[in-house]
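Quick setup: the structure tokens below cover two forms of a single protein chain, split into structure 1 and structure 2.
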Structure 1
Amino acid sequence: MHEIFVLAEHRQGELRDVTLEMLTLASQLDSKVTAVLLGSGMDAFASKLASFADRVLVVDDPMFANWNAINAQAALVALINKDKPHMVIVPNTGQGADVLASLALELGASFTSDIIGLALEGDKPVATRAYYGGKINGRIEFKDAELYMVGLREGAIPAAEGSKSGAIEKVDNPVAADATDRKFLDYEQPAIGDVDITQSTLLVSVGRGLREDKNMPMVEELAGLMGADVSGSRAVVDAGWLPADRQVGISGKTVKPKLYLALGISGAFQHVTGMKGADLVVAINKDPDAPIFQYADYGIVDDLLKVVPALIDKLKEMKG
């Protein structure tokens, strides 16, 4: 049975959701799944990962208290050369992208990034990657290699419930000296405005389908009737219709409301990554092929400029 290494990602005391998504994907490939955890004070994370992996390989050292790609790559090279896994999966995030290409080149691996699906055909992986804002998917085949590496897009694979009882194996830090040409300084958090959308229970989120900023009062009225906060896509923020602290997505904020009402949002992966944790997603878009409908629990294919006024009227009627 082949072995798959999965690089666990954590930040500021939290295990990132993409880690469990990668482990879920790896477990679907009929392989031995090993979670590789680099950090300091990792006992709680290791226990969590043990329910998703057959083995958790832990390097617990102050050197890895904060992310440093040079240190991480040195450790991964040593661990991979020792155990010889068939494949390595890393998150297609800022951290993962920091090591994926350079690690693959150092090890002579066949690799690709930003995948949304993965299968094994014989001994070789075949990956799926989205193009044109998620409208079509492409098949990625790999050249023959002893080691394959992929970067998995956040939110592409729903995380399963952990049902394993993997062994936790602590190993000594294989990196002799801390990197000197790159140092972690501090985390810079964006300023929080009058509303912190990361804490919002209900969100009405708008995209370029709103067409003009003169339509924003209509959205704000709907949100007010719902008791919701207003957020938006990058297109709306770039247009100046909403402040930057209301942006949802990779370059904005990650939100997990109970209800996410997406108005005129196409559903590009950059946006979906930021709202995939919503309990309920309702999408309104006049394009029936908009990718947002792939993630919506309920969808309305129509012009939001017709649907939203009808919703406002209905809510007013219900409120008497």
Structure 2
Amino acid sequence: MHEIFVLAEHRQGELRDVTLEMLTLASQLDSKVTAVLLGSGMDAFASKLASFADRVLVVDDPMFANWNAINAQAALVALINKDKPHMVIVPNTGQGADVLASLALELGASFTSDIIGLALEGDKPVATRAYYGGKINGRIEFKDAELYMVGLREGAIPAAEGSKSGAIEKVDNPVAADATDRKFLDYEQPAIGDVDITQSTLLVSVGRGLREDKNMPMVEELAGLMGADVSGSRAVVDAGWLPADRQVGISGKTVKPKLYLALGISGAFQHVTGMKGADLVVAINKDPDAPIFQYADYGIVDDLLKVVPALIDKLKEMKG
């Protein structure tokens, strides 16, 4: 049976969800799944990963307390050269993308980045990637190689429940000296309070369909539950319900969130121009012909004053 290495991702004491997504994907490929955990004080993560992997390979050393692409690459090269897995999956994230190409080139691996699907056809992997902002997909075939590597897009594959009970294997840090060419310093949290909606990952955006200022608290409650920021159309900014820096559109901000939830926004050309880069658009609007539905992935044709409170309830339920 082939072996697949999965590079676990953690940050500031938290194991990131993409790790379980990668392990889920690897488990679907009929292979021996090895989670590779580089970090410092990794016992808890190691036991968690054991239920998603056949083996957890742990390098527990202060050198890996924080991400450093050079140290990580050196460690991975040593581990991979020793165990010779068939494939390595890394997350296509700020960490994974920081190492995928250079690691693959050093190892002579055939690789591709930002995949959304992966299968094995015979011995060889075949990957699916998105092109043109997700408008079309492409099938990727690899040059024959000893080793294949891919970077998996976050959220592309839902994580399954862990049903394995892999062995935890601690190995000595194979990297002799801490990197000098690049050093981790610290983290800077994004400024809070003064929201820059162009940087928001989730946006709840309101339009004139909100009707009255007094409905704003309801929207803020929804956004709060979702961890989203609130933006709006020019109509609501004009009405003074939101400050000007929250306006989306040609004369406002151009936003590129992962989710744009448009509440009572008609989808005027001038507005849409500012939000067309959003990954997922959901629109709630009473008017089935509102142009916003042409730009939305999901739509609800109904009164937002009814749907939003119901949504708040559902989200509260989900959070328990």
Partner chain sequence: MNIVVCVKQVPDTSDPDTEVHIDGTGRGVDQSKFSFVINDADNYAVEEAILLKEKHGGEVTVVNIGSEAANQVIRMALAKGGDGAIRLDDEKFAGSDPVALARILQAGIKDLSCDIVMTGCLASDDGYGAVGVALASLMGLPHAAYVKTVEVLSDNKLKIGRELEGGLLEMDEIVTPCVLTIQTGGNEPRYASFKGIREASKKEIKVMDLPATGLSEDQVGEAGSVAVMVQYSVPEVGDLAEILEGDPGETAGKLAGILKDKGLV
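Rigid core (definition): largest C-alpha set, two forms, superposition within 1.5 Å. Please note that residue numbering is based on structure 1, beginning with 1 at the start of its sequence. Here the structure is a predicted model, which means the values were calculated and not measured.
Student: Is the form predicted on its own structure 1 or structure 2?
Tutor: Here the form predicted on its own corresponds to structure 1.
Student: When you overlay the rigid core, is the Cα of Arg11 off by 2 Å or more between structures 1 and 2?
Tutor: Comparing forms between structures 1 and 2, the Arg11 CA shifts below 2 Å.
Student: Determine whether the C-alpha of Glu154 shifts by 2 Å or more between structures 1 and 2 once the rigid core is superposed.
Tutor: Stays below the 2 Å threshold, so no.
Student: Please state whether Lys164 has a C-alpha shift of 2 Å or more between structures 1 and 2, with the rigid core used for the fit.
Tutor: Superposed on the core, Lys164 moves its C-alpha less than 2 Å between structures 1 and 2.
Student: For Asp287, give the CA shift between structures 1 and 2 in Å, the superposition being done on the rigid core.
Tutor: So the C-alpha of Asp287 has moved 13.8 Å between structures 1 and 2.
Student: Superposing on the core, what C-alpha displacement does Ile300 show between structures 1 and 2, in angstrom?
Tutor: Here Ile300 registers a C-alpha shift of 3.3 Å.
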